[in-house]
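What follows is one chain in structure tokens, specifically the form predicted alone.
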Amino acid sequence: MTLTMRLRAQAHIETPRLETPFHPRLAALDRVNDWYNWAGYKAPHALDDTELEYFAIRSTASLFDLSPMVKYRIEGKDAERYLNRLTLRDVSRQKTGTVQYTAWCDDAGHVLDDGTLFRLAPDVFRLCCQDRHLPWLLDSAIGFDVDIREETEEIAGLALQGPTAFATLKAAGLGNVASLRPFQITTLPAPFGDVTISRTGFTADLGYELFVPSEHALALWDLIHAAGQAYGLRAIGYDALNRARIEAGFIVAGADFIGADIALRPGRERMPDEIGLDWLVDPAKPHFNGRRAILHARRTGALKHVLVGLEIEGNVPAEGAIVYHGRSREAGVVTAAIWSPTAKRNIALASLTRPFGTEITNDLWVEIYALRELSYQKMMKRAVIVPRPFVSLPRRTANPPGLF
């Protein structure tokens, strides 16, 4: 290795992670120094105690920094037509002022990523997702009159989730969201400028997501954080949010499926039908990326995998466990698992190889290795396929939202 190469490698290692616009407030609350890399940003696994942060989601209210979520602004006279070609759902049916959960595929019908599509105006959209896809988005835009640019750094986002989320917004002077239904958007004035608020979230609970220009981020945090103190508001990290999303049965790129553009080995990609996203596919709309391959796989029975919810006996989470049929034949792998404090069940998401999970659904077992005093104990626990979500809370969709 030459001196130049060594210096470049050293510089790469020493390059710090980016800090979100809310980082000064997160750092002030941090007690455990447990940070991870989220799309190049410094993000907390936890700020204090994960158990307390989880129960803030379910019992009071929680505040989570969404800013590292990748955000693309897509606008122009062909924006709707372009997104209809790109994504699985029919964008022409999406009304202005709404959010649509969606996904997009390569030409082979393999999922690249999933995310949320905000229709801010008739010809203005914001696409939010886990990973960066600008080259793919630009290549897909050839022939369309549309402008696409990343605005991750420009837009700061907060997720306010939990039963007292609406009460917190009302105390902050943003109570006009009372009429906002799930997956609707509104823009409200605040002392520092406008706040875009959507009734969305990743927790299966009452919740909202708030977006402002990055220069107004700290003012937004201070407004919401101060208003929420009377309602048990707590800032949280990803570990608590992850527990809630598993209870909701939501999937995460990089955990429950691998994006087709980053999968290293053949056969690791997944079609929408193989990760529970078959309901997103609208075969009646005009051509979209992957349409021919997806419909062909359905017709010919070529689908190889299925994502299922499992309830597992006992109370030891089965994270990463192998799933067996009849205790001996491998059927798949657990992609996410927790003991659910709300459902009071040992739950998991698992990717199974068909016909397991479709034609063969009985006599399933998971192999769990539990660390007991510096020694791993192997346990074979019975698993039963159950519907998702594992937790369903009426307050999530109640309109108007409750004042808890």
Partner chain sequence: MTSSDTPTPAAGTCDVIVIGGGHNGLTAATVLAKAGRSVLLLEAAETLGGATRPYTFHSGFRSPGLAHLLNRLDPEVEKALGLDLTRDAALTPTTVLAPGRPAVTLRGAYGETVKGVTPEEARAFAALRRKLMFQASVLGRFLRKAPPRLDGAHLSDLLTAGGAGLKMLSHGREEARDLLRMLLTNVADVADEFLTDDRLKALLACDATLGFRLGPRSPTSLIGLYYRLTGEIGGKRGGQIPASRVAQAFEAAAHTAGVTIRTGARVAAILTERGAVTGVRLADGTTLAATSVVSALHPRTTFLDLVSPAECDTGLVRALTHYRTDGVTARIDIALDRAPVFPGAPADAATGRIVVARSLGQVEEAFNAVKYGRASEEPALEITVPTLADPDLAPAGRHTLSILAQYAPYRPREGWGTEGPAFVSRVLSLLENVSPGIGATIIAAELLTPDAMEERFDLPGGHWHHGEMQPDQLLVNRPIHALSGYRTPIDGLTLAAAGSHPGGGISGLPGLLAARTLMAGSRP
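Numbering follows the first chain given and starts at 1. Not measured: the values here are computed from a predicted model.
Below: the form predicted in complex with the partner chain, not depicted.
- Shown without its partner, this chain lists 140, 100, 152, 200 as candidates; in the predicted complex, only 140 has a non-hydrogen atom within 4.5 angstroms of the partner chain.
- Proximity to the partner chain in the predicted complex, taken as a non-hydrogen atom within 4.5 angstroms, holds for one residue of 189, 286, 267, 326, which is 286.
- Judged by heavy atoms within 4.5 Å of the partner chain in the predicted complex, the contact stretch among the candidates 291 to 299, 304 to 312, 236 to 244, 206 to 214 is 291 to 299.
- Shown alone here, residue 77 lies farther than 4.5 Å from the partner chain in the predicted complex, counting heavy atoms only.
- For the chain shown alone, residue 135 is a contact residue for the partner chain in the predicted complex, at least one non-hydrogen atom being within 4.5 angstroms.
- Looking at residue 183, you'd find every heavy atom of it more than 4.5 angstroms from the partner chain in the predicted complex.
- Taking non-hydrogen atoms only, residue 221 never approaches the partner chain to within 4.5 angstroms in the predicted complex.
- With respect to the partner chain in the predicted complex, the three residues 81, 85 and 107 uniformly fall within 4.5 angstroms at the level of their nearest heavy atom.
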